[in-house]
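Form predicted on its own, single chain, as structure tokens, below.
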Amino acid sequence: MDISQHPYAELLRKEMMPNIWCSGCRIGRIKNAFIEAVQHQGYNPDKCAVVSGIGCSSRIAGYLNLDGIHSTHGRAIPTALGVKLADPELMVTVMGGDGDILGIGGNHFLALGRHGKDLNIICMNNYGYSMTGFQHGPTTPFGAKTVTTSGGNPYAPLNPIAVALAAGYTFVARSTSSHPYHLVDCLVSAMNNKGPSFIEVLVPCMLFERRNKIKSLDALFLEKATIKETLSQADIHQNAFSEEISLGVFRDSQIPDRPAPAFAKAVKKKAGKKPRVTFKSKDSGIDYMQIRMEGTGGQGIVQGGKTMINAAMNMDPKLNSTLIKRYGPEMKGGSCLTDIVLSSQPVDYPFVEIPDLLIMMSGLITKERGGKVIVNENGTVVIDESTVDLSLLDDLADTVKIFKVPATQIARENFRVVVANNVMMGFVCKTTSIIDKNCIKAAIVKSAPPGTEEMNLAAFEKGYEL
């Protein structure tokens, strides 16, 4: 029979040839086995997708004439999951090395077993990171020499089969690049399994052979490996090429039926009609002013700053204003501050250096800077005496105006503690007269969570009356 073209030609990107693998590399065998499995299954190439990460084996995606993605290091599985979720009819395969899938992408490998999505994971295990000179990886044998373990690997190797079984993969198998027919059978079985499938393919790397003075891993695989129809618990751990290697299918099951989760439906509260607050804009007369509000996370420091700057813009739309917020990684309890600059001219530097008005709802930031309260010597401090140590004010200049407000206590006794910031807003509005009352109230209505507008306005009025 005349052969007009190579039997794999339809599924190869001929324009990408020759490949960049080292002469004699066995990864090409795995590529051919995958093509044979796809052809055996009669898949339409338009219904197949291959996703790979980074590494020698991950280059396979670039040589296959299938839709594919060469993703970032360790992220092949979540990328493939996105492809599968976008089009569940696709047969999606992840092809990568032990370092990419089990090392850098180890957490994604575990998660896929739990999620139970129908993806095929082909892990080419060459015992290290080959593309960058062969550093030790998660499966490097104990005592093996690599670039990063020149005296011998001191770490116990990961067992990919044991991890896949524990993670819940519905199909788990081990084969080698030296057993191409067996590998094709494993690939076909994985494609037929409607769940997360994992195949560990042992593949030699010449860099590993040279550094460890091994003549031929290919020959060792043929000598030590045994294909078994039935595998026991002991076979899981028979994966060291210096001893016996057990090949075969360790699990081939379907995704277990799980009861549908009974989620309670969230009931949205109907937002009441927002109170209407009218205001008139005017020339603020502000030339340049720095305002700082400081406290801890959860006290509404950022929210208070937003209220202040929105109120300023309500009052004088021509005013230049900036807001910078700063808080630590803690959502509650960490230091937090908001800096506001109001200026008749464009603001070049948005950070507050010495505030003209300092609103203190906590002494945490002051303590972080060594106990020094920073404020203009002719400025104003409004302090929440419910939460701040008043001794922090002892060293302030006599020219500084100091107001003490039990804002948190008022909020706790009359409303909820979360509106203490608006008690402070009301007090500041009355005592400083920087911003018109109705301009602040309109800003509170705009920023308050739906249904809490009336409470926030009442807190503001309480501070204003005080």
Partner chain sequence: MTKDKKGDNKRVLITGNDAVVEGLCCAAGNKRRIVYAGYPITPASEIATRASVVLAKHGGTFIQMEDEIASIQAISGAGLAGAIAVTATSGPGMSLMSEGLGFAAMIESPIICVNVQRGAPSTGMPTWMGQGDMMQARWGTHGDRPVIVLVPNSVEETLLLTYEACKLSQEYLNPVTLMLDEIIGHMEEPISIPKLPPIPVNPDSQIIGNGHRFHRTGLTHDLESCLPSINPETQEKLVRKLLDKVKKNADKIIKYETYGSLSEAKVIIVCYGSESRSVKAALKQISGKKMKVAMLRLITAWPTPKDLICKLDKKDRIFLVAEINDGQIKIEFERYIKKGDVEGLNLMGGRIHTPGEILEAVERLI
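Quantities reported herein were computed from a predicted structural model and do not represent experimental measurements. Rigid core: the largest C-alpha set superposing within 1.5 Å between the two forms. Positions refer to the first chain, counted from 1.
One more form of this protein exists, namely the form predicted together with the partner chain; it is left out here, but the text below deals with it.
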Exercise. Counting non-hydrogen atoms within 4.5 angstroms of the partner chain in the model of the complex, say which of 168, 103, 297, 78 makes the cut.
Key: 78
Quiz item: Among 30, 439, 38, 61, which has any heavy atom within 4.5 Å of the partner chain in the model of the complex?
Solution: 61
Quiz item: So, 16, 49 and 87: all three within 4.5 Å of the partner chain in the model of the complex by heavy atoms, or not?
Solution: yes
Exercise. With heavy atoms only and a cut-off of 4.5 Å, decide whether residue 318 touches the partner chain in the model of the complex.
Key: yes
Quiz item: Given that the partner is absent here, does residue 148 sit within 4.5 Å of the partner chain in the model of the complex, heavy atoms only?
Solution: no
Quiz prompt | Contact of residue 431 with the partner chain in the model of the complex (heavy atom, 4.5 Å) | solution = no
Quiz item: Using heavy atoms and a 4.5 Å limit, would one call residue 417 a contact residue for the partner chain in the model of the complex?
Solution: no
Quiz item: Using a 4.5 Å heavy atom cut-off, which stretch among 61-69, 420-428, 30-38, 399-407 contacts the partner chain in the model of the complex?
Solution: 61-69
Quiz item: Considering only 407-433, what residues come within 4.5 Å of the partner chain in the model of the complex, judged by heavy atoms?
Solution: none
Quiz prompt | Core superposition between this form and the one not shown, C-alpha change of residue 166 at least 2 Å | solution = no
Practice problem: Take the rigid core as the frame of reference and indicate whether the C-alpha of residue 338 shifts by 2 Å or more between this form and the one not shown. | Solution: yes
Exercise. Look at residue 351 and decide if its Cα position differs by 2 Å or more between this form and the one not shown after superposing on the rigid core.
Key: yes
